[in-house]
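So this first bit is one chain, no partners, the form predicted alone, shown in structure tokens.
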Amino acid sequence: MTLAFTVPPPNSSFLGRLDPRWKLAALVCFAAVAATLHTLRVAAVALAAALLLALLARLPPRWFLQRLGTAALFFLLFVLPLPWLLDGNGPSWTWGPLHLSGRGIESALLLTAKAITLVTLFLIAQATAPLEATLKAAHALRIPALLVQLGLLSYRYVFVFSEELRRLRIALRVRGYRNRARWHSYRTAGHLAGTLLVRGCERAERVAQAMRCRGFDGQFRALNTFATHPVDVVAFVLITASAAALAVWDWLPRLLG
């Protein structure tokens, strides 16, 4: 969990000095456009633009590559089979029982470019502002307070459940348990998952009672203060205009064709 959620120390990057509201709105617009692209070359340009934003955000290279690699392990499971599963018009190659299609390769590259772009934008938002500032900015942008609170609690308590899982694993190993491919191991893993869910439910009830005792009314509050400057508006316009240009570039040939 440390690898996935640890945020690098703040720096004086250009994006880090922007108002979190304008920055979050611009990144969300760019991410929405990047997720709907259909052309590989446009997706490659969007990826280059996202990497340029990462440079402007001065993300630590090692921190950025570690998290990008962790995300890649997940989405490559869905991308790697595409060249052998998809077929269509275009070049194809056959070696015995294996059939490799050009359309599948293009689709795999397109999905990879889009996934890396989205992960990069998420890491930029994560690294260039404190979590509470980003969540307050989301609330200021009319994101429902319930979703903001769920995001905050999920982030806070994923570490708690990770520590609880670590203690359960230590308890199993102290009692001589070793993970093997057999029925006893599968049953033990099921009991472990059930115990973790029960403890998580009990902890959630205690947290909810404590929040109500402290006057929680469902509203998200933070001590961060926001102030709009001309550079915030200019950065928002540049990022959203770039996203709009990518969308037009991607959809115009389809509309004209």
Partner chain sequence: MIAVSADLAIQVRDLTFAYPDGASALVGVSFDVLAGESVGLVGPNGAGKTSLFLCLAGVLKPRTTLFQVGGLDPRDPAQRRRLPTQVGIVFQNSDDQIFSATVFDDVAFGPLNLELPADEVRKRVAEALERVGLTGMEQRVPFHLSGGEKRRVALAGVLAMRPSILLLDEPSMYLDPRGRRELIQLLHTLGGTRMIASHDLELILQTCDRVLLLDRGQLMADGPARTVLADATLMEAHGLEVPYSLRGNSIA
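Numbering follows the first chain given and starts at 1. Here the structure is a predicted model, which means the values were calculated and not measured.
Heads up, the form predicted together with its partner chain isn't pictured, but that's what we're talking about next.
Of the candidate stretches 62-70, 208-216, 36-44, 186-194, only 208-216 contains residues with a heavy atom within 4.5 Å of its partner chain in the predicted bound form.
Annotated contacts: 82, 103 and 250 are all free of its partner chain in the predicted bound form [non-hydrogen atom within 4.5 angstroms]. Within 4.5 Å of any heavy atom of its partner chain in the predicted bound form lies no heavy atom of residue 166. The closest heavy atom approach of residue 153 to its partner chain in the predicted bound form falls within 4.5 Å. Not displayed here, its partner chain is kept clear of residue 114 by more than 4.5 Å at the level of heavy atoms in the predicted bound form. With a 4.5 Å cutoff on heavy atoms, residue 221 counts as touching its partner chain in the predicted bound form. The contact residue chosen from 77, 160, 141, 170 relative to its partner chain in the predicted bound form is 160, the criterion being a non-hydrogen atom within 4.5 angstroms.
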